[in-house]
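The chain below stands alone, shown as structure tokens; this is the form predicted on its own.
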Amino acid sequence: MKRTVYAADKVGFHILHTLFQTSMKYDRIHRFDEYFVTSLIVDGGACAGVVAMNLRGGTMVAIQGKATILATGGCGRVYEFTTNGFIKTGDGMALAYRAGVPLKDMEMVQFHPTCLPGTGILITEAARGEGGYLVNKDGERYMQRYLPSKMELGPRDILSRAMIQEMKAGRAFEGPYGLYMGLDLRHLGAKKINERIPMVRELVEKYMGLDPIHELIPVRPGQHYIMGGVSTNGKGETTLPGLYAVGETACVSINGANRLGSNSLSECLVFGAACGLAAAGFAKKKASYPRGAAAREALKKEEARVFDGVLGRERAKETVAGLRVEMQQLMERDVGIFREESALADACGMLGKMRDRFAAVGLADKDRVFNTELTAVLELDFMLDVALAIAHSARNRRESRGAHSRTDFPQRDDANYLKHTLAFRTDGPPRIDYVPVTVTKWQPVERKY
């Protein structure tokens, strides 16, 4: 079955540009460039828009709407090493979470095996699809030890775990950013590399100073995608009327516990359209735009929280960079590719303390206009909520399934855990609940190769 589209190794690039260029045809689409959303407006049990900070003007504004769609992408920046851009701080997930909407399956975090050390830039699966080899420091194609039937074409989670095991066995290369493995394309030849995977060569030359036609590409696993997100149905609807979520921000969940490569691109197009139509239909049923006290109250509350509270803190004990790095390293170490009870318990406890310590994070820059330090603090606030949801969801799932790998519970347990995790925000740790998985055509079977 054909499930995606193909355009050399630049599929996402072409989808992105096509969508954006199409949006520019319509004058009625009004973009709020340089705005940073800080909270949702909830009026009478429904979402009535957002409160956002105008970065250019240094003011807070209430943007009211009949329907609101969250499409803010993933939350990879809660990890130290990720393929995600710096903007992927889980803001949309945290916004919904704070408005009472549960986050679903947050423990299901996908790690990609072939990322460039230091930058986290992803080297696409296409490099292995075209015949690339993964090798250790001895030049051995080590996947023969872990998945001889598929070798380098195995799924991301198995390849990532194999890399970690090779590193622990002392068979990895050592570099300035730690241990890494080699991705060997040299046998493919210049013609094939330039025709079939030109962007791979471009990225490696630009960011590593190496030419993959003649040299090994250093690679290591990095956080890549989260199967979890804001809990929605197939139309992108959340439990809060008027609020929708789509893409990596949402958990529909077509990806289950382990997304297939390229499925996120198809997901954005298919569910983006379904979500947009559902939101438009919802908005059409409302006679007028929301106007009233809820938006004014939400704006006033956010101005006090952000400008008087966060921006006004004096004698800060904590720095945004210090606390953020501590959180990222903790997530990498304890809630990463391999997980076990004591490390997860430690992570949950430490993240709870970091959540409390956030109140002491201060800013050196007190200006309101284009204050990137202020937005970094607000992003850290969102990330701590998301990190707590991931850690507590992971601790409560005492089995291994898809991308979620517990060394203390290595087997999948359908009797007890064939269910979706729901994390609800409370004044303390997240409240974890479960709902059954709807099984239709495809029955659960043992994962074999």
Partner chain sequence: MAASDVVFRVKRYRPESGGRPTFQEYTIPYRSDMVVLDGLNYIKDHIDPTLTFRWSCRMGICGSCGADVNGQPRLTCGTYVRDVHKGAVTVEPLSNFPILKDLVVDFDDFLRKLASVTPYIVRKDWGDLTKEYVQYPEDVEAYRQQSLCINCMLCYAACPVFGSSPEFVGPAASALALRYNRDTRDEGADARLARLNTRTGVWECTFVGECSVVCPKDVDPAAAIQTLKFLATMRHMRRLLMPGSSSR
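Numbering follows the first chain given and starts at 1. If you're wondering where the values come from, they're calculated on a predicted model, not measured in any experiment.
Below: the form predicted in complex with its partner chain, not depicted.
Chemist: Three residues, 233, 289 and 424; all within 4.5 Å of its partner chain in the model of the complex via heavy atoms?
Modeler: The answer is no; none of 233, 289 and 424 reaches its partner chain.
Chemist: Answer with one of 121, 265, 316, 158: the residue that has a non-hydrogen atom within 4.5 Å of its partner chain in the model of the complex.
Modeler: Partner contact (heavy atom, 4.5 Å) among the options: 121.
Chemist: Among 173, 307, 338, 177, which has at least one heavy atom within 4.5 Å of its partner chain in the model of the complex?
Modeler: Spelling it out, the residue with a heavy atom inside the cut-off is 177.
Chemist: Can you check whether residue 359 is within 4.5 Å of its partner chain in the model of the complex, heavy atom basis?
Modeler: Outside the cut-off, so no.
Chemist: Is there a non-hydrogen atom of residue 206 within 4.5 angstroms of a non-hydrogen atom of its partner chain in the model of the complex?
Modeler: Contact check for residue 206: yes, within 4.5 Å of its partner chain in the model of the complex.
Chemist: Do residue 373 and its partner chain come within 4.5 Å of each other in the model of the complex, heavy atoms counted?
Modeler: Residue 373: contacts its partner chain in the model of the complex.
Chemist: Should residue 324 be classed as touching its partner chain in the model of the complex when contacts are defined as heavy atoms within 4.5 Å?
Modeler: Output for residue 324 is yes: heavy atoms within 4.5 Å of its partner chain.
Chemist: Select, from the options 348-356, 149-157, 266-274, 83-91, the stretch whose residues sit within 4.5 angstroms of its partner chain in the model of the complex by heavy atom distance.
Modeler: It is 83-91 that comes within 4.5 Å of the partner.
Chemist: For the stretch 350-388, I need every residue with any heavy atom inside 4.5 Å of its partner chain in the model of the complex, listed N to C.
Modeler: The stretch touches the partner through 364, 365, 367, 368, 369, 370, 371, 372, 373.
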